[in-house]
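We begin with a single chain expressed as structure tokens, specifically the form predicted on its own.
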Amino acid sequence: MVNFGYGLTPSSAVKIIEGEDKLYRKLCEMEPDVKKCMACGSCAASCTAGDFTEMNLRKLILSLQRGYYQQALPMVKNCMLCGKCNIVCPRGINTRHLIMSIQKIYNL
């Protein structure tokens, strides 16, 4: 094996314990488009609420995928449902409907 002066480190992705992502799976059933998200950040870059609050749809989706509900759910409350993220999404995800579904699932 050739040594190129660097080594690979284990993945820093959080391993979800069975059942921790139950609410995210429910969201995927209601909104299959959420699986199309490639975390490009276009939504976060265009977010008006993100300029003044901690709202970041990309982080929100990633947090929900990883089971970090406590840090994800306060972001949902800051969304103004303006639809800018919907316009710029390269995957065509209906982000407004996604936010409303998250609010419905988590009783916000």
Partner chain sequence: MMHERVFGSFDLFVLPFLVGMVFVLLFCLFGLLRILYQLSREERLKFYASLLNPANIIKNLKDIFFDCLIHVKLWRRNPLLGYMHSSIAFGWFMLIVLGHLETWFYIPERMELIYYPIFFRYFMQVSGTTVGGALFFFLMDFFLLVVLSGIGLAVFKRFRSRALGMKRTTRLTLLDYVALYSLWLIFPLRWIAEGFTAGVAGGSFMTVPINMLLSSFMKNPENITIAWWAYSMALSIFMFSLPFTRYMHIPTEILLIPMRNAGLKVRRHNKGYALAQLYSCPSCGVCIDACPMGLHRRSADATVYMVRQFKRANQARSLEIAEKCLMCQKCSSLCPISIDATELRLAFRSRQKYNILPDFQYLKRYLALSAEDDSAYAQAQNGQTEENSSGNPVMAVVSSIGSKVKSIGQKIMSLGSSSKEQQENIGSEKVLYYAGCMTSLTPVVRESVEKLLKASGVEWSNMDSGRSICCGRPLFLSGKMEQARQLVEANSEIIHNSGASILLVSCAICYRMFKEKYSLEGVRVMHYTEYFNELIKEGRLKVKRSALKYVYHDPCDLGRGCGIYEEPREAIERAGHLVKAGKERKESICCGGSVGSLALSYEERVHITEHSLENLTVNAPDCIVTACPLCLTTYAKQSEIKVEDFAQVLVENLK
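Numbering follows the first chain given and starts at 1. Since the structure is predicted, the reported quantities are computational estimates derived from the model, not experimental observations.
The discussion below concerns the form predicted in complex with its partner chain, not included here.
Using a 4.5 angstroms limit between non-hydrogen atoms, Ile61 is distant from its partner chain in the predicted bound form. By the criterion of a heavy atom within 4.5 Å, Ser46 is counted among the residues contacting its partner chain in the predicted bound form. Taking the partner from the other structure, its partner chain in the predicted bound form has no heavy atom within 4.5 Å of any heavy atom of Gln71. Its partner chain is not shown here, but in the predicted bound form it comes within 4.5 Å of a heavy atom of Leu81. Taking its partner chain as it sits in the predicted bound form, the stretch 23-61 comes within 4.5 angstroms of it through a non-hydrogen atom at Lys36, Ser46, Thr48, Ala49, Asp51, Phe52, Thr53.
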